[in-house]
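Okay, so here's just one chain, in structure tokens, the form predicted on its own.
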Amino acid sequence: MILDKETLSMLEAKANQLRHKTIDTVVYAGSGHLGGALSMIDAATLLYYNVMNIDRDDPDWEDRDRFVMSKGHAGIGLITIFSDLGWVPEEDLKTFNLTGSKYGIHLDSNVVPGVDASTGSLGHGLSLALGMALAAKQLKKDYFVYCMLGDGECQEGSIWEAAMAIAHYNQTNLITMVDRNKAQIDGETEDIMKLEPFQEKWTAFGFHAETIDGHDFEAIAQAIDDAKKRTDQPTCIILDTVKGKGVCFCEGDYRWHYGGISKDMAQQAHKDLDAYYDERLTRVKGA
């Protein structure tokens, strides 16, 4: 899939807008899973604004592509997309995770439009996505299912049970993506429970697996396009990302898996994101 400069510029602007919205939502809530939201936002932006077949006027459209955010704590980033698409009122972001709000840290598919699966108890999202993909084949539907895993989540045995089943049934209409930011709530993934050689593990489980720059729209788009054309085995796209990407004081720091930020810190975060956006836009214009 080739993304022209106009599309790339649109995606860069949209991802920048969503990163800023995520900062604002963390401030409204008093705290949030900032690090993992910022590491996955590029891939999610590409999916919702360029790749997935969805109906902006009907988030429950029967033939839509499905997205399962298995690392459900990143909902603070995902809800900014739903707000931008018009599925969640902008004003409601100010209630995120507050007492009485219907928007909790882990978004509830029963009450939040656009959420295809309630997640948050880690290790379950890939099995849910498999069920959706199996249903599509049974019903002779041509929608795709995309599942975003956290890398720390891949220390759960249930992930690998799902992987075995996906390969066994050759569910090529399910594209697995891993936000490989290399950090989790208690530390670096390789210190908590080693995942490497990570790509080779997915290959051993019967997947076509590849590792790409998870902050590069063109690389992600090409990997997804290749996965959609592949019919001989399912695909796992490992997104090499940075936790807290774009905000200097939390980049690559596992301690920003979850936390609160003051108004001064938020102001600095917005400045950092502006500089990061300028850097990325310069690369697009020079391409």
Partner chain sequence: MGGLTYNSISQTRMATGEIYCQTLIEMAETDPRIVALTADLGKSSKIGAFMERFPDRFYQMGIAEQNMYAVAAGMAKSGLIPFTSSFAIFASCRALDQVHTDICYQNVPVKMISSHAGTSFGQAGTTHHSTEDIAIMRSLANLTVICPADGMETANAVRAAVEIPGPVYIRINRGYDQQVYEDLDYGFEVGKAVELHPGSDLTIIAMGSTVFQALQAARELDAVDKIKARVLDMHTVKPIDREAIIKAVHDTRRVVTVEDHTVIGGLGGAVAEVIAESGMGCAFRRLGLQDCFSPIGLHEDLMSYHGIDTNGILKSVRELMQLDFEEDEDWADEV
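These figures come from a predicted structure and were not determined experimentally. Residue numbers count along the first chain shown, from 1.
The form predicted together with the partner chain is left out here; the points below concern that form.
Taken together, T172, Q199 and R230 are entirely out of contact with the partner chain in the model of the complex: none brings a heavy atom within 4.5 Å.
The shortest heavy atom separation between D116 and the partner chain in the model of the complex exceeds 4.5 Å. Contact annotation: D213 falls outside 4.5 Å of the partner chain in the model of the complex, judged by heavy atom distances.
Among heavy atoms of F82, none comes within 4.5 Å of the partner chain in the model of the complex. Contact check for D186: a non-hydrogen atom falls within 4.5 Å of the partner chain in the model of the complex.
Contact with the partner chain in the model of the complex, judged by any heavy atom within 4.5 Å, is made by just one of L93, L130, L122, V112: L122.
With the partner omitted here, the residue from A135, I192, A204, A167 that has a non-hydrogen atom within 4.5 angstroms of the partner chain in the model of the complex is I192. Comment: 150 to 158 is the region of 172 to 180, 83 to 91, 205 to 213, 150 to 158 lying near the partner chain in the model of the complex, near meaning a non-hydrogen atom within 4.5 Å. Using a 4.5 Å cut-off on any heavy atom, the residues of 68 to 106 that reach the partner chain in the model of the complex are, in sequence order, N97, L98, T99, G100, S101, Y103, G104, I105, H106.
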